[in-house]
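Single chain ahead, written as structure tokens, the form predicted on its own.
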Amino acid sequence: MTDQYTMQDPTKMYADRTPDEQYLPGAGTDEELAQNVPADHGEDSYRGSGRLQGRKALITGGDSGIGAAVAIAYAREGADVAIVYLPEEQEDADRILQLIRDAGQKGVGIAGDLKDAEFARETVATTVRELGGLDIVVNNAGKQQHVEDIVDLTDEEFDETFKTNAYATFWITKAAVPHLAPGSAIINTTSIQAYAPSPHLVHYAATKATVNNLAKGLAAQLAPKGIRVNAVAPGPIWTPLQPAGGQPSDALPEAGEQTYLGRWGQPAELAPAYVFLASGESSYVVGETLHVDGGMPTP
């Protein structure tokens, strides 16, 4: 069994996980995704080494995709973890919570819609109450729907995308800061789209640019308090978000070919970046956007 420390040819990894054309209704779930081409969250491969021992983390969108991989990695590194997810994603959440508990850590599930400001703020209070504190915040939950022409982009879609991706990041961060001691970390999930927006994702890309910029500004503001803020910018990563309207169905088989590695990335390949930014190993890393994108030109 390989793990993240095993030397492998990155161009040949996951060669058996190329998706075909498909569509998932609603927000999409990993349970549905696994019926075609499953994503790898590190369930069978991530090996912890105590890098987050005793830490307490809140991860939004922690039931599937990148958030799920981060939740598994954090638990195996010794952290207790609270995950936030939509009620319809309960089955995915239950599976990740069990993996957290299998790692010997406390797992807390918080179901609700982050477009609701009060719920977003309450996720922090719930985490602090259930875990006994908070020192890692991962703002990861995202909404992505492709729209080919701006004249077809509705006010509702634009508003929901900003509320889920940008406003929720603001609401949660604002609520969390009073609980964060020196040494704590905030990590925002931005995207390659913040730097190289696709024509059919202009509203999503705008939210990711906002989230990225928010991390930069907050890094300067919070660093004197000993709180480090950074961001991770994924490239094309195989998650339920993609076939659930995030990309056109006919684009799925070719997505990722534009990267230097020529393939989709997997959530498990993101987790080590989030572990690094949350751990003391990155004590001098502040306001950084760490690109995990298979090789795509960025500023």
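These figures come from a predicted structure and were not determined experimentally. Numbering starts at 1 and runs along the sequence shown.
This protein has a second form, the form predicted in complex with nicotinamide-adenine-dinucleotide (NAD), left out of what is shown; the following refers to that one.
Novice: Which of 150-158, 98-106, 195-203, 79-87 has heavy atoms within 4.5 Å of nicotinamide-adenine-dinucleotide (NAD) in the predicted bound form?
Specialist: In the other structure, the partner sits against 79-87.
Novice: Heavy atom within 4.5 Å of nicotinamide-adenine-dinucleotide (NAD) in the predicted bound form: which of 241, 271, 39, 231?
Specialist: Only one option qualifies, and that one is 241.
Novice: Quick one: is residue 217 in contact with nicotinamide-adenine-dinucleotide (NAD) in the predicted bound form, heavy atoms, 4.5 Å cut-off?
Specialist: Because no heavy atom of residue 217 falls inside 4.5 Å of nicotinamide-adenine-dinucleotide (NAD) in the predicted bound form, the answer is no.
Novice: Taking nicotinamide-adenine-dinucleotide (NAD) as it sits in the predicted bound form, is residue 112 in contact with it (heavy atom to heavy atom, 4.5 Å or less)?
Specialist: Heavy-atom contact with nicotinamide-adenine-dinucleotide (NAD) at 4.5 Å: present for residue 112.
Novice: Would residue 127 count as a contact of nicotinamide-adenine-dinucleotide (NAD) in the predicted bound form, using a 4.5 angstroms cut-off between non-hydrogen atoms?
Specialist: Outside the cut-off, so no.
Novice: Taking nicotinamide-adenine-dinucleotide (NAD) as it sits in the predicted bound form, is residue 70 in contact with it (heavy atom to heavy atom, 4.5 Å or less)?
Specialist: Because no heavy atom of residue 70 falls inside 4.5 Å of nicotinamide-adenine-dinucleotide (NAD) in the predicted bound form, the answer is no.
Novice: For the stretch 190-206, which residues lie within 4.5 Å of nicotinamide-adenine-dinucleotide (NAD) in the predicted bound form by non-hydrogen atom distance?
Specialist: Result: 190, 191, 204.
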